[in-house]
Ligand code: IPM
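In structure tokens, one chain follows: the form predicted on its own.
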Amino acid sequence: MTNRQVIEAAKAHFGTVLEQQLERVERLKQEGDWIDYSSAKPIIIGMIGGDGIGPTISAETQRIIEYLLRAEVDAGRVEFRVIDGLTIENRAALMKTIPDDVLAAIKDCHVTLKGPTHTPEKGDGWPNIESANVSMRKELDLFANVRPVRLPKEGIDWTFFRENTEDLYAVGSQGINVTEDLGVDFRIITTQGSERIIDAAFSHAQRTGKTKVTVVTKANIVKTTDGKFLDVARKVSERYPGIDWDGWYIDLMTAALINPARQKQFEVLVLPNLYGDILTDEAAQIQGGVGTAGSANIGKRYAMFEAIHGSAPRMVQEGRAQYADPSSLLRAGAMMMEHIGFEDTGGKLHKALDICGQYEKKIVMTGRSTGATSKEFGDYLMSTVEDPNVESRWQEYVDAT
């Protein structure tokens, strides 16, 4: 092909991407209101095991969450459903990122709690299908990825609002090799997508008594898309006169998060998809590792809560799955309970995880036979949540740190 023919083919491909995204913008303009869980009876919670260690930590998490919500289950206010089929084997066999029957089952639930799923990469033997997480976020319009990181001994109490449906990830499978030597991917940032995630961050700050929102971009270099995100932040901030805000560049922010002199100045942070993915993993490591952090993926109709770590296939291959730490998915479960209206129960689970995982550590997870199993840790956690002195134990932890 001549250069002109190559360019025309690339333009046609890019045109298709643009058509799809312009249609999406029109849908965003018509989106409805937030769901009211108080009117849902029962609230249906879907449990998705996923890949690798996912089924192990998912089963343990379900055991604990069902126990904590046993009165609501008995009263018919909450129902748990196990959703099978979101495994890499099934997805690869059907060449579907999310098999149709699995997606239908997910849409029958109000919220889902999901173990990690494997995303194929070049050379790993699996077909090149899109991330299940990315597909769920797009299919269910889960635009807000919310990740809290707390470390009282360092004065850290951060909540990250990562935009979930745009940026490079939105069309990550639609890039094009223009020639053998030139590959191009596309980055999508919209006014509507930016506005709703930034507004969610400011609203959270106002609702939780926070006084500052930090907007993270690279708008000095990536002037069009990151510039739009920052411009929208300026406009949204005008709705919240009691909340201060500032802008940081992503490269400086990665350094600031590990600088003890800076850490206490951040409260709520909002950022585009790719930057959010990187920065929240760094923040989780500061807390104690990605195995300690949970994640919420929230839309106006559906919500999905998940562990932020991978599926750890090596642990399964080596026969160590029973030693997988369920803390990340349990954190997500606590966030889920808070989201659907059981704030006190979710808060107790968060505090129990602080006590068991960060303070007392009477049972330690190592990922090997040198440490506890998932069930042993779960038993320790449940006994802590049910302890009448759990509040004083948690306050002791706060005071000690």
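All figures in this text were calculated on a predicted structure; none of them were measured in a lab. Residue indices: 1-based, along the sequence shown.
Just so you know, the form predicted together with the ligand exists too; it's not on screen, but the next bit is about it.
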**Q.** in the predicted complex, segment of 300-308, 264-272, 149-157, 245-253 with a heavy atom within 4.5 Å of the ligand
**A.** 300-308
Q) Does at least one non-hydrogen atom of residue 321 fall within 4.5 angstroms of the ligand in the predicted complex? A) no
Q) Does any heavy atom of residue 137 come within 4.5 Å of a heavy atom of the ligand in the predicted complex? A) yes
(Q) At 4.5 Å between heavy atoms, is residue 277 in contact with the ligand in the predicted complex? (A) yes
**Q.** Residue contact check: residue 285 to the ligand in the predicted complex, 4.5 Å heavy atom
**A.** no
Q | Residue among 206, 174, 191, 131 with a heavy atom within 4.5 Å of the ligand in the predicted complex | A | 131
Q. Looking at 225, 237, 87, 119, which has any heavy atom no more than 4.5 Å from the ligand in the predicted complex?
A. 119
**Q.** Within 143-176, the residues that have a heavy atom no more than 4.5 Å from the ligand in the predicted complex
**A.** 147, 162, 169
